[in-house]
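In the form predicted alone, a lone chain appears below as structure tokens.
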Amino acid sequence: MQPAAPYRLLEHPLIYNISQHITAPGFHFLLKKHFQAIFGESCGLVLDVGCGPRLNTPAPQGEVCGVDINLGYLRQYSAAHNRTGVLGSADGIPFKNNVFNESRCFGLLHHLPRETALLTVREMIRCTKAGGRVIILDNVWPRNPYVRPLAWLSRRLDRGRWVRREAELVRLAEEAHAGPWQSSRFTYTFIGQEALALTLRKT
């Protein structure tokens, strides 16, 4: 199914970047401390699943390979030093088993229906070496829409049709792989939008 016309505009990298600042004000500033805790030890070869037009998470001590289905995004993504963009779908990542020291996705799963999201997490785990990490960051619904009405409205209007509650996202990750998953929930914009970080150390 083709996206609606307003959402197709977001396939243009410049418009995508501008929209991020409008719909998630302050995210660059507020994410810094959380990113340090989540990605502080990232190193080696890192897989960025559903990468979009730029690396939205901190660069590791090493190289990054992004996977996306949008060629326009990949061209812009690959223009940066030490980054490679590869055409492919998240639920069928075009790499062999046990290749990456870390696999991560940021703001991807709420664009995917449940079965596709499950396959995506399993693919990330498959592509990660033993001892490596799998990191999922995604939007979650506010616990109380009356306390954070703008955050709730932004989720309601999100082009991703599958924004999940925290418990739903945790269950999805645990169904993809029994774990143990570590989780951290935090606010990342000035209007109170929240995200959940899930991290798995592959054994």
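Model, not experiment: these values are computed from the prediction. Start at 1 and count along the sequence shown; that's the residue number.
There is another form of this protein, the form predicted together with a small molecule, and it is not shown here; the text below is about that form.
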Query raised in the report: Which one of A178, A167, L157, I69 is close to the small molecule in the model of the complex, taking close to mean a heavy atom within 4.5 Å?
Result: I69
Query raised in the report: Could you tell me if S42 has a non-hydrogen atom within 4.5 Å of the small molecule in the model of the complex?
Result: no
Query raised in the report: Heavy atom to heavy atom, is S89 within 4.5 Å of the small molecule in the model of the complex?
Result: yes
Query raised in the report: For H111, is any heavy atom within 4.5 Å of the small molecule in the model of the complex, or not?
Result: yes
Query raised in the report: Is G132 close enough to touch the small molecule in the model of the complex, meaning at least one heavy atom pair within 4.5 Å?
Result: no
